[in-house]
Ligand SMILES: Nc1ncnc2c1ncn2[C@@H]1O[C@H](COP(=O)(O)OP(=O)(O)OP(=O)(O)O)[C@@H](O)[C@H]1O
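Let's start with one chain on its own, the form predicted on its own, as structure tokens.
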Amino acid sequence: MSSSFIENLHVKEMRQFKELNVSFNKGFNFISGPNGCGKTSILAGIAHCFDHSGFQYSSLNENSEFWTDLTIAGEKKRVGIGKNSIQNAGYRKSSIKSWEPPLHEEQRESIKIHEVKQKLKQFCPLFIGTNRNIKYQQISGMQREAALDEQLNRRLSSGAQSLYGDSQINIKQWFVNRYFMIDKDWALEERKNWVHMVNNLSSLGPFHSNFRYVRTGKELEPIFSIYNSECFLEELSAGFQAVLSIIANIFEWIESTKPEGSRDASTAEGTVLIDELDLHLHPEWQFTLRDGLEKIFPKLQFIVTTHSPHLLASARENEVIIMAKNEYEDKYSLEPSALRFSGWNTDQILSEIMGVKSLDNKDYEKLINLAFQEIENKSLAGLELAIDNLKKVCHPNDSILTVLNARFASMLAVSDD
């Protein structure tokens, strides 16, 4: 587990939250709950603690306060702002009135947001939003990659924009740069990361997909293979593009924001925050994604939002943070659940964790009710028709269908007598 990670988030008077406190573990954190409960707002709250230019994405007021507690190589930090820092000029028009420090805690250094770039360069979280499609563009050659300080400043200034805008790296350019770079004597860490990625890419794909990088040809077009068929980068399905976008972003973030000697992806530490990790992925694929990410990045902390019961079923103990949408609650205190949900079925996760109120198919319900009405009316023809219609919408081994067929056979036998 990482020794540099986000411990918790505290916010007051931000968006829909009167007060919110969330604790995180050092590894995977899956934030789940009903639509509108504020899952993405948690990621935004963390982003605001590192950069004030992202305030435009949230409603704030004079009483707003927010901070994030961190452990960085064993040292305790608190970054954010306290009450009376915000000047509210209207919806999403907040600005800084004064830099009030976050609430003091013994043996924890307080860092105000405008001090982050000077005092917190050793911790730069990565935010990945929902825009993960890869558009075609022609690459003419290798492109210069920015220096460490420039990359750090860019990352620390774009957390909220990365969640809501389009600030992902140029995936294709990154692959082309590695094509030219990895055989150079000075690219020791980049070469090691490249081999690590290529060797483990298949662990991120769905079962039997054999997802792998094949080559970059003379036209500088990266080529991949899925289900043993080659295709260009932009021709990958939305799911493969989404996963590749996440992986490339993490590798690029590690190599561009860590000092030399700390850029090995298999040992690199830090926090990656991803909105809707399950986006574009087939349910079968969602079962394997968590373990694939851990295999490639074993020391990273992940804080992700999800609507997927399959991702939650892949989570382990103390990895799922369950949010409830309760209009009567002014204060939320959340922490990872001690439960493991691998033994829960999809319906149980959907209803009890994600707040889905009704899982019943309305057509299915109507056809079942109609079938029992025909039994009540002792109508063989009506029951036979109801069963035929039910077969069209339900599973062949549906238990109620079995019961109805048995009842039909019983009624038929009586009528024959």
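Numbers for residues come from their place in the sequence shown, where the first is 1. These numbers come from a predicted model, not from an experiment.
The same protein also has a form predicted together with the named molecule, omitted here; what follows describes it.
With a 4.5 Å cutoff on heavy atoms, Q16 counts as touching the named molecule in the predicted complex. Although the partner is absent here, C37 sits close enough that one of its heavy atoms falls within 4.5 Å of the named molecule in the predicted complex. In the predicted complex, the named molecule lies farther than 4.5 Å from every heavy atom of E269.
Among heavy atoms of E276, some come within 4.5 Å of the named molecule in the predicted complex. Residues placing heavy atoms within 4.5 Å of the named molecule in the predicted complex fall in a single listed stretch, namely 27-35, out of 344-352, 27-35, 381-389, 62-70.
Checking K299, H307, R212, K117 for any heavy atom within 4.5 Å of the named molecule in the predicted complex turns up a single hit: H307. Taking the named molecule as it sits in the predicted complex, the stretch 384-412 never comes within 4.5 angstroms of it through any non-hydrogen atom.
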